[in-house]
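For reference, the chain that follows is the form predicted alone, supplied as structure tokens.
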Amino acid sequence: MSPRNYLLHTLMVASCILSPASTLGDEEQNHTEKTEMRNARMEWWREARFGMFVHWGLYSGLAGTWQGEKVVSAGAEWIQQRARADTWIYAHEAVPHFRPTLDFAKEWAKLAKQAGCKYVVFTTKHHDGFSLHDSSITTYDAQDLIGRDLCKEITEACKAEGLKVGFYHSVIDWHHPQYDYVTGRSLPHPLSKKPSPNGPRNHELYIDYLHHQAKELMSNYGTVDIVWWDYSKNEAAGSFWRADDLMAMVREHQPNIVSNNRLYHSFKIKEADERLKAWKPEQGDFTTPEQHIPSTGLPGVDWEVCMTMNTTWGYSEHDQTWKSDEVLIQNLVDIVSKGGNYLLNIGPKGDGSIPEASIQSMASIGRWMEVNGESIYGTTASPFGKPAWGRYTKTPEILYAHVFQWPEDGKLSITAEGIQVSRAYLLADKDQDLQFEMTTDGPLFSLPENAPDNQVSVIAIEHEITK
């Protein structure tokens, strides 16, 4: 069967939904109430700290290989753009390799739960334009291709495991015939610098399509906890997507949803620290440093590091550059110690199966979290400087010392001015109190000869604030 017979668009003009008029009082009251509402929405997200990202779509079956040749190791989800293939050739190559098994979604959800993740964000549509959800305005979706609403399967599996659910949705679309890649020239497209094969494009028709698909996602799958947009740059930001109207519609259908800021925020800012400084709450609830951890957090800024386990988001058979379990766990601790969340990616294969290296690492993180999770969930950034031997996280009553480098002499100095230690113990051995003495710099602990954990050992320090 020719790809053209099942990959046809039906363009539909979606209704424009206007932002509801504010009924709040003066500007100060308005700001205060908006802050309170946002804090209420963000509470679970700030406590969760750890989520699983999933990049999966038609590109997954290609696995970084195009027509028998290696094209990419990193960024395998960009293979259509790297191969400069139009949408019909791309579909012809990719569709035969995308055959999800019946229970793939349950396996994903079980893995996330086992690893200690509190939420899962998955790609409902990536830049190639293929939708995992059942869309009424295109046949370029999973329902028409394989007779299954994959978005529904994944969402239901995650909720069955008690996980919060996030929808990643690309505002870029390489398939739609009216997506104006000429005007949005700073954004990637397989046909960049080439004229449109179907003549001048009407970008407003694509924006209507984008809004309609987003409305389907927000309406048809129950509670959606996160919307994770991707992405804007330079002239293609904010108004280019009619972002204010889009977010008004999203909040109408999902009033408690949490959103990232990539509808408005330029991807041009790549430095992790600069992303935090550029964040504005009216443009999204949190900002998203990618593949890099900021040197420090910023008070009042919500942020989430998204990161791969190797170097690719989508599956590539050529990428075996896997991060060690130690690095992954220490990354988690480092991020949380600065007040951020960690969104760790897996890239399943075309059948939905997860690479064995990802399974093993997630299991290792899960074993660590089983013992030490209380030092991650619901904790906040450290009030103290970053120690050479590790990191701190805290709750109001407990300071957690995450020891990356176990001291050879068995002595660990905690520089924690203003606290009075009442008790300390290893999370790996809560029944055994650690001995310590108070010095002018803070408590000095006597530790066992061997670290209880080869990756990160955690000391819980119960205390009172003295000043």
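Keep in mind that what you see is a predicted model, and the values were worked out from it rather than measured. Residues carry their position along the shown sequence, with the first being 1.
Omitted from view is the form predicted together with alpha-D-glucopyranose (GLC), to which the following refers.
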item: One residue of Y90, W108, W313, F130 in contact with alpha-D-glucopyranose (GLC), assessed in the predicted bound form (non-hydrogen atom, 4.5 angstroms); value: W313
item: Contact residue in the predicted bound form, chosen from F104, F286, Y140, Y168 - any heavy atom within 4.5 Å of alpha-D-glucopyranose (GLC); value: Y168
item: Option from 378-386, 349-357, 93-101, 120-128 whose residues, in the predicted bound form, bring a heavy atom within 4.5 Å of alpha-D-glucopyranose (GLC); value: 120-128
item: 4.5 angstroms heavy atom contact with alpha-D-glucopyranose (GLC) in the predicted bound form for F53; value: yes
item: is_contact(F267, alpha-D-glucopyranose (GLC)) in the predicted bound form, heavy atom dist at most 4.5 Å; value: yes
item: W78: touches alpha-D-glucopyranose (GLC) in the predicted bound form, heavy atom cutoff 4.5 angstroms; value: yes
item: alpha-D-glucopyranose (GLC) contact in the predicted bound form: E290, any heavy atom under 4.5 Å; value: yes
item: Partner contacts in the predicted bound form for 173-203 (non-hydrogen atom within 4.5 angstroms of alpha-D-glucopyranose (GLC)); value: none
